[in-house]
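One chain is shown next in structure tokens, namely the form predicted on its own.
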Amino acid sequence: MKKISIALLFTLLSANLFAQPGAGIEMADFMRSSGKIYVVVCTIAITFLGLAYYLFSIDRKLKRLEKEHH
């Protein structure tokens, strides 16, 4: 769990390195001005959190089954 947290932290911190300042993306500007970008970001965040919860619950179940088997 600690390795995953560290990897996620470094990924988020390095995202700024690849950002292109001044690159006017028309769709992003439109979505930002109309407020829809926040809906997109929330949808992605909820999807990611759901997948992470699902994977961790499967991992816990698998560990429990392995423990019972041995």
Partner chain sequence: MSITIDKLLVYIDRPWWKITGVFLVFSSIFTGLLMPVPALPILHETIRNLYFHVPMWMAMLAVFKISIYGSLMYLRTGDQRYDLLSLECVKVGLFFYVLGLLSGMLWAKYTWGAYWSNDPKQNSAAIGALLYSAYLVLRNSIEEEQKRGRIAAIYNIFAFPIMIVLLFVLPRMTDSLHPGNGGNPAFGKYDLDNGMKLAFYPAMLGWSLIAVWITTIRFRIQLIDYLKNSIN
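Rigid core here is just the name for the largest C-alpha set that superposes within 1.5 Å across the two forms. None of these values were measured; they are calculated from a predicted model. Residue numbers count along the first chain shown, from 1.
Below, we refer to the form predicted in complex with its partner chain, which is not included among the displayed structures.
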Check H69 for me: does it contact its partner chain in the predicted bound form (non-hydrogen atoms, 4.5 angstroms)? yes
Neighbours of its partner chain in the predicted bound form among 48-65 [non-hydrogen atom within 4.5 angstroms]: F48, L49, A52, L55, F56, I58, D59, L62, K63, L65
Classify T43 as shifted (yes) or not shifted (no) between this form and the one not shown, where shifted means its C-alpha moves by 2 Å or more with the rigid core superposed. no
